[in-house]
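Take a look at this single chain in structure tokens; it is the form predicted alone.
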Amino acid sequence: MMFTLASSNQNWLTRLIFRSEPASNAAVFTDALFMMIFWFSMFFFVLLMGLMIYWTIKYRRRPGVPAPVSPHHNTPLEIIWTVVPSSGLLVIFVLGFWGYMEKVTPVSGALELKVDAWKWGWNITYPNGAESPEAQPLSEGDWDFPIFYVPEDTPVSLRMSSQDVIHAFWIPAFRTKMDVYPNRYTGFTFHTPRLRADEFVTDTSGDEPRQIPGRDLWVFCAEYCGEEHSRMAATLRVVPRNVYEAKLESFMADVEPVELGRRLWATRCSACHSIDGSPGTGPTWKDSYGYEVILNDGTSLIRDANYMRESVYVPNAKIVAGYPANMPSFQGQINEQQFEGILAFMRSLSDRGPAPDANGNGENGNDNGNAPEPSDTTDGGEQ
């Protein structure tokens, strides 16, 4: 790249336009190219508008003065006003294509991350199969969004696909947006920044919050994908290499089924399903397991383990009354252990599903999905 982070010196206009400093050399190049286009356009706008006003006044119609005969053409002038702007546009094209190829061509030895998108969430799978269970709100009172860890000063290559509709993985600090399609892969490459000595973030994964070296970068969806599009977000957390490796090791550590389910809910399900009984895009998980539910076709059933499994893998088979068929299938996206964790967590949220033990079973070791007989009342939160 012809521009680097070390040489980046944003003026007030650049800060006003981009609202944040670039987080990679590619972003610095993008900012510089944008500003070049801005001043190129500004120069010709002022030149052409100035000439138009000048000639409008100079050659205005005057009483008693006959209108001059317009020339048929002026070959040198026509060549100039064609070649000069076209040359500028050619330079813009070459620089833009160069910057684009830098972002989509994987670097040899880059850390490859698998990105999955769905309505309305993101998930990243690391090379060792780990997934981040951590999450945090992006603003006060907001729900939690997943945190994805990457090491500092490292090339990273993303391989992305969607489970439902077209999304767009957008990291504003990298000045890059890339569409994510179902049934095919897209991706781009970026080089994470080197952290400054004064950069710290709050790690809430332990018993007590603690400060660790790092920088949080926002991730958004930049392609309208439905009702909760504006809340489809995540955090890309850049940390030192030793912190990144320790995090990956902790992600792979054995956890009890209920805790595993809670983590999966926080990173994959919280955008649509609440756990406090409040309404959302999908039914709440609070007091869901073991209760009777009315479906869109007017029939009713008990939400047991079999129903939960079908809802995860074939979500449109039975739709709860009052809710649209928005949920994507997680077939092939979560394994059996992860589903058992989700089921264990849902049971722990219901007074008809006793909290499971460390093996994910009920108090009596019963894991066949049977639930107590329902009362005459139904779950009002889903009607």
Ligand code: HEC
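Note that this is a predicted model, so its numbers are computed, not measured. So that there is no doubt, residue numbering starts at 1 and follows the sequence shown. Only the largest set of C-alpha atoms that superpose within 1.5 Å between the two forms is called the rigid core.
Same protein, other form: the form predicted together with this ligand, not shown, and the subject of what follows.
Within 4.5 Å of this ligand in the predicted complex, a heavy atom is found for none of Val165, Ala168 and Ala222.
Within 4.5 Å of some heavy atom of this ligand in the predicted complex lies at least one heavy atom of Val320. Although the partner is absent here, Leu349 sits far enough away that none of its heavy atoms falls within 4.5 Å of this ligand in the predicted complex. Of the heavy atoms in Thr281, some are within 4.5 Å of this ligand in the predicted complex.
Among residues of the shown chain, Tyr307 is one whose heavy atoms approach this ligand to within 4.5 Å in the predicted complex. Of the candidates Leu236, Ala233, Val312, Ile275, Val312 is the one whose heavy atoms come within 4.5 Å of this ligand in the predicted complex; the others do not.
Contact annotation: this ligand lies within 4.5 Å of heavy atoms from the stretch 287-295 in the predicted complex, the single such stretch among 203-211, 186-194, 222-230, 287-295.
Taking a 4.5 Å heavy atom cutoff to this ligand in the predicted complex, the contacting residues in 319-333 are Ile319, Val320, Tyr323, Pro324, Asn326, Met327, Pro328, Phe330. The rigid-core alignment places the CA of Thr30 less than 2 Å apart between the shown form and the other one. In the core-superposed comparison between the shown form and the other one, Ser162 has its Cα shifted by less than 2 Å. Once the cores line up, the CA of Tyr291 ends up 2 angstroms or more apart between the shown form and the other one.
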